[in-house]
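First comes one chain, alone, set out as structure tokens in the form predicted alone.
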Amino acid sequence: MKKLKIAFLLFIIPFSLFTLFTGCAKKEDTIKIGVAGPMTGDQAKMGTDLKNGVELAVSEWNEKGGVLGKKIELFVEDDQHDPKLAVTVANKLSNSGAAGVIGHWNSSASIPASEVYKDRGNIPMITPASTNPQLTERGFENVFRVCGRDDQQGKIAAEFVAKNLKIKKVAIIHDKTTYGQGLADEFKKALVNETEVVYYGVVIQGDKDFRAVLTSIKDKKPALIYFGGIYPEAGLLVKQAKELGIKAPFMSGDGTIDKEFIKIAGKENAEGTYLTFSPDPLKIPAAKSFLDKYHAKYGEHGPYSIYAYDAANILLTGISKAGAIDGKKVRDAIHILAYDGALGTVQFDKKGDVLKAPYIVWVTKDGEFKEFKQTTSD
């Protein structure tokens, strides 16, 4: 029996050591990055666009050998645009050893998730789409965004309404989310004295019937209705407003500029809706290579596909420049980057905001989104 025990130990110890060391090697032969957003549910289209943009960038790096001599492994996580679930996702990605995260999509998810990434080793987080100013106003050096801010697009929208459309009465509604309310408030704050807010109210994200709110708005006779929120509610609001005989056009922000909005509202109902977003990538020479590859692999790009692509490339370039996956080193490398990508040159200020974030006004026409008037905000 004693000889059997000795033989067993002689067998199991080398095997255990082999497993230990090969297991460690396996963990270290890839560099992990995460992508987080609403992959399921009513905003899943945005999550898919986000994932596809990151996936394309990762595949290109891997075709060239990866980064720091290692292949890149992508972890996709679904936060369902829920703040609490976003924290769970952030902890999961942190525990997985992610060297950085592209996401989240919604401001209400990015803000609480960023607390986790900061506390868990300054893991760099680059959001392609979260526009609430508060995200970068807290002094977190590991947090970046490649998009603009709501105080920028809110100002552009207000100036357009007052100076270009010469609107005297507006109604403002929002979906009570961090993004929606923040954008609506920035729009309201930027309105000039000549434009009166005759109604300011709330709808609940996920609801389907907004006729009571719209009836109250109709009685106030606004010349325009501004909505801070996302396309599922925006589409229903526009559709139901037309059904109630409200002729005032709608205006909204970047969360609405997706073809799902036109699909939900109906082509005729959506006609004439104004939106703020960045310039059309089809008109950006630097974007052509990205668009050709994206269209060949995934079909039509979404509004934030290109932002996700550049965000992923910035993160991976930061890792390459840092020569390590240490959060602070990568963070510092990203801060001094001048990255020439599909959107053009992207650089960040001390807060993690892009140095230049142009917004323009779009309008829905003939079932498409078309640039209406280009303008920029300081």
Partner chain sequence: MFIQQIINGLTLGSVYALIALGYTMVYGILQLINFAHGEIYMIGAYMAVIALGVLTATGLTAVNLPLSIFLVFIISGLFCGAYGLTLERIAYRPLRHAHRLSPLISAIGMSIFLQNYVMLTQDTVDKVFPHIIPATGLELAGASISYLQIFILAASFILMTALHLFIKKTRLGKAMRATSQDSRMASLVGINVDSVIAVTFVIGSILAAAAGVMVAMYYGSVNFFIGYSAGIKAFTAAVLGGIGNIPGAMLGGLLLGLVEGLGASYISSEYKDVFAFLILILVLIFRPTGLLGERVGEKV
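Just so it is clear, the model here is predicted, and its values are computed rather than measured. Residue numbers count along the first chain shown, from 1.
Keep in mind the form predicted in complex with its partner chain is missing from the figure; the text below concerns it.
- For its partner chain in the predicted complex, the listed stretch (130 to 138, 216 to 224, 277 to 285, 301 to 309) containing residues with heavy atoms inside 4.5 Å is 216 to 224.
- By the criterion of a heavy atom within 4.5 Å, Ala333 is excluded from the residues contacting its partner chain in the predicted complex.
- Although the partner is absent from this view, Gly266 contacts its partner chain in the predicted complex, with a non-hydrogen atom inside 4.5 angstroms.
- Although the partner is absent here, Arg211 is a contact residue: one of its heavy atoms lies within 4.5 angstroms of its partner chain in the predicted complex.
- Contact check for Asn91: every heavy atom lies farther than 4.5 Å from its partner chain in the predicted complex.
- Checking Asp119, Glu243, Asp292, Glu194 against its partner chain in the predicted complex, a heavy atom within 4.5 Å turns up for just one residue: Glu243.
- Though its partner chain is absent from this view, in the predicted complex it lies within 4.5 Å of a heavy atom of just one residue from Ala322, Ala44, Leu337, Leu68, which is Ala44.
- Looking at its partner chain in the predicted complex, residues Ile204, Asp207 and Leu236 each place a heavy atom within 4.5 Å of it.
- Scanning 174 to 195 for heavy atoms within 4.5 Å of its partner chain in the predicted complex gives just one residue, Lys176.
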